[in-house]
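Coming up is one lone chain in structure tokens, specifically the form predicted alone.
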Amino acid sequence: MLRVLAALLSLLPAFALAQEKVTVGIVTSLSGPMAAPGKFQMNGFRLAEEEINSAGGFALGGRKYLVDLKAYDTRANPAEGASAMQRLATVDKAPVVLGELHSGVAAAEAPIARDYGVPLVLTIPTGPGLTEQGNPFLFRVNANNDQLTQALADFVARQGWTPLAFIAWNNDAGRGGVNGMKKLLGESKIGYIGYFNVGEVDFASHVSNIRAGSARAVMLLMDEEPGSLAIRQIRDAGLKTQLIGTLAMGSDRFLKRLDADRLEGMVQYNAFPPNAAVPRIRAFSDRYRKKYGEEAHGFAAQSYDGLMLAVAAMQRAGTVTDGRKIRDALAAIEHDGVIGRIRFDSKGQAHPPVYVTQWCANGSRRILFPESLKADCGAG
């Protein structure tokens, strides 16, 4: 009996230690115009949190820590993002903060991260300038607009899809995408360029201008909701112009907004083709579908990797409180994530793979680029 009691008592410290928690800050849009992509971002964070905690937490210095996500809704608003970042640093004492969706909001949060010595790990914003400010506390897991545009421009150039027209968000992401394609393809290959503001739903004037300019392809630099409206209006007007979209337009969720006939042949850059025959991708996709009942999304995969990366950095740094040591660990880390190997350059930018996928007639997708992963319908 004494031996049994002694054995039980020996387990108590380990059990108690496993209940220690580390607060990880999250900044994202849970409401407002970017709530839809915010949902995918949170899905990735929550899946990683569940997997870490269901395994008893992560080990550090002979202790086990559970992850406790503290999420703030920034509503795609820079002022609210800055306020949330300051609260996470000063009140919640989060040693690392993850997330954000909007490049402008991330730009407002980044100086606060630097001022308080708290690493900010972005998992979705694509504005190239974010990692050009010399901020040692800012890191980005996902590809930026320049990286995405380079892959797509190379592909478009090989297809001869010029003149290329645009309908783009009237913001840094939209204008940055247009300017990037201009630079890579050359001004002579660019046709009509039209911008729209968040909330606009009528693209008739843009469609007319695309028709008048005889564009061979039109690139839609926008999210899934305006993207579905724009595609519907382009196809309903009888335009057979080649469609080029963003990663928000390469998922089963997007297909539900339209139909396979309207999408057939459309291509889009993609950060995570969920059906690719790559073990790390397939395994994550299976776990995601089991938890959420839907196809995995690139935003979720990037965010899952972001939290796993943050945990690995805390373990490498040997602390769950010292943001500066965690920053140093992030700068030196190499992490094999579901989106690929994550290693930050001197500016805090990772260089994950970029894909180009295409919609098939049956509503599935194929992988067109990179050549090493080229695969037919059902693989994208």
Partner chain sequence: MPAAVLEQTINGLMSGSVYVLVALGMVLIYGVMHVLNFAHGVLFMLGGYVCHFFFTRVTGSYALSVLLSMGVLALVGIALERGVFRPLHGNLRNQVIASLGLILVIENLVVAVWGPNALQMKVPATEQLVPLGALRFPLQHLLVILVTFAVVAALFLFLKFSKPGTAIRAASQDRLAAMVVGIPVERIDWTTFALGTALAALGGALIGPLFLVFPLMGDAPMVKGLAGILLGGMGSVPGAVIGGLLIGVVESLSTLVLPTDYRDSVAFVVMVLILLARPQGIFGVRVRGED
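On a predicted model such as this, the values are computed, not experimentally measured, just so you know. Residue numbers count along the first chain shown, from 1.
What comes next is about the form predicted together with its partner chain, which does not appear here.
> Among 215-223, 153-161, 232-240, 178-186, which stretch sits within 4.5 Å of its partner chain in the predicted bound form, heavy atoms only?
Replying inline: That would be 232-240.
> Hey, in the predicted bound form, does residue 114 get a heavy atom within 4.5 angstroms of its partner chain?
Replying inline: Taking the distances in the predicted bound form, the answer for residue 114 is no, it never comes within 4.5 Å of its partner chain.
> Taking the shortest heavy atom distance, is residue 281 within 4.5 Å of its partner chain in the predicted bound form?
Replying inline: Result no; residue 281 lies far from its partner chain in the predicted bound form.
>> So in the predicted bound form, is its partner chain close enough to residue 128 to count as touching (4.5 Å, heavy atoms)?
In response: Residue 128: no, not in contact with its partner chain in the predicted bound form.
>> in the predicted bound form, does residue 257 come within 4.5 Å of its partner chain, counting heavy atoms only?
In response: Contact with its partner chain, yes.
> Are 30, 36 and 211 jointly within 4.5 Å of its partner chain in the predicted bound form, each by at least one heavy atom?
Replying inline: Looking in the predicted bound form, the three residues 30, 36 and 211 all sit within 4.5 Å of its partner chain (heavy atoms).
> Considering 264, 92, 200, 132, which brings a non-hydrogen atom within 4.5 Å of its partner chain in the predicted bound form?
Replying inline: Residue within 4.5 Å of the partner: 200.
> Which of the residues spanning 178-193 lie within 4.5 Å of its partner chain in the predicted bound form, based on heavy atoms?
Replying inline: Just 192.
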